[in-house]
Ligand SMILES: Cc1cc2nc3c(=O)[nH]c(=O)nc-3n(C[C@H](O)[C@H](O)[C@H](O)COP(=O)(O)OP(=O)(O)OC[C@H]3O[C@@H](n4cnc5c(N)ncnc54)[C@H](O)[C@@H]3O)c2cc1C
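One chain is shown next in structure tokens, namely the form predicted alone.
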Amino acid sequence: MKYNPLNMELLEELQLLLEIPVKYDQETLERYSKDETAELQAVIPEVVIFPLDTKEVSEVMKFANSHLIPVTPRGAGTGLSGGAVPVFHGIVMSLEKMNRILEFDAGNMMITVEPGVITGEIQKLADRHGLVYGGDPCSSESSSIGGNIAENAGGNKVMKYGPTGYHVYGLEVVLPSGEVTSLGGKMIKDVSGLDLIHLMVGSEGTLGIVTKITLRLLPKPKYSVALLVPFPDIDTAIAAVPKLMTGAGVVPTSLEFMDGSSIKAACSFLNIEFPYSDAGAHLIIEVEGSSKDSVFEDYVKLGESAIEAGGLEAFVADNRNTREKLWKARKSIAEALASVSPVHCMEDVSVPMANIPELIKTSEEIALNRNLEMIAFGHAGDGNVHVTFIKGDLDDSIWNETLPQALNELYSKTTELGGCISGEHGIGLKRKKYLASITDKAQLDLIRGIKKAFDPNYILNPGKIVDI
């Protein structure tokens, strides 16, 4: 596609649509030129804007559509697939100023918010009212709910609560044309037409810009206990996962795993000590319930099953303070890795749970054969594994040549095991060429057709998911 540049006359016209001044100083442009995808190059936009409401978003999209100027929507910038990289320059539309909680409806257990609200704030507000927002990405303290919806973020509690999309019941969306539409609402059941809400969720900002979100909340469990189980090696830990589920007869709220290297990185970053810090891997297993006795029974069963499957010990975190310390280590792995090794490639593959051991084994072989360092951590209970290749001491030229080869092998094995190349981070810019190589033409044509129906001028977040 050929897009038009923003000359001074167009910049002045754009400014008239917005209350906050547009930004095009070099410092701002650089800050908004990429997300947290470590291995992608930044692309400098022509201008960054900060709309305050739906009307301003709509007016900007009308302007961009009429002048053929690309618009890249952006949440908190915590994405890990290059979704917020402005591939064709143009306008970066940051939604961070649209950060109001519009309504807390305790009677219907619903909350309506703007896209710039940080997800952790929704969780805290729900908690104060004896409710819970089930979406719990590891980045909840820094990511925005709009970004979570764009990627259909998963997180730690998918086993019980499902990913972000399970909690979205209503959306207000500005289309690329500038038209505004409202989808769904506070109804639990709604089959009035096509399910456009869940087409928007996970569409990575390519079909429309979400400006209002209604989320369902749930009753807060009264009791919660987490177990930390160290294992001698990662193979034993991963092989224990399906045994835990069948042996204990309990579906935990969370079942996370961390290999030895990721634990060491987190402990060093946080300056803490972990039980059995030299163990090959750890599992975090959490259960919730309304009865203290039932929670006790569940975690005892899970702990016993973990020991039978090769666990070295089962440490119990049965109060809020110890649980938070445990989860802080798990949630800090990505940040710790970035501080230790800024050049790395965090992947997001997902396979059926029973196939995790083979996926990990193959990932280790890929890294070994290509002289790469590797760590692995993720959501063992739902098969979503963050295999992460690390540049280490490799020369830049060797890394740039080796990484695509390693990813091709990883993705090939993932699909062979019945999996997909992204469970929660999205395709974006980072995985676009790989998606095209493993997806059949009929499906790619459907994706392109849907994009064209929503955005015939291809101005909204172009260059993501598939090439047009």
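Start at 1 with the first residue shown and count on from there. Predicted model, so just to flag it, every value in this text is computed and none were measured.
Here the subject shifts to the form predicted in complex with the named molecule, a form of this protein not shown in this document.
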Partner contact for residue 137 in the model of the complex: the named molecule, 4.5 angstroms, heavy atom: yes
Proximity of residue 39 to the named molecule in the model of the complex, heavy atoms at 4.5 Å: no
Non-hydrogen atom contact residue 144 with the named molecule in the model of the complex at 4.5 angstroms: yes
Partner proximity in the model of the complex: residue 176 to the named molecule, non-hydrogen atom cutoff 4.5 Å: no
Option touching the named molecule, based on a heavy atom within 4.5 Å in the model of the complex, out of 229, 258, 150, 356: 150
In the model of the complex, the one of 286, 204, 382, 298 near the named molecule [non-hydrogen atom within 4.5 angstroms]: 204
Contact test, all of 77, 83 and 424, partner the named molecule in the model of the complex, heavy atom 4.5 Å: yes
Answer range among 43-51, 59-67, 424-432, 439-447 for contact with the named molecule, defined in the model of the complex as heavy atoms within 4.5 Å: 424-432
Neighbours of the named molecule in the model of the complex among 194-210 [non-hydrogen atom within 4.5 angstroms]: 204, 205, 208, 209, 210
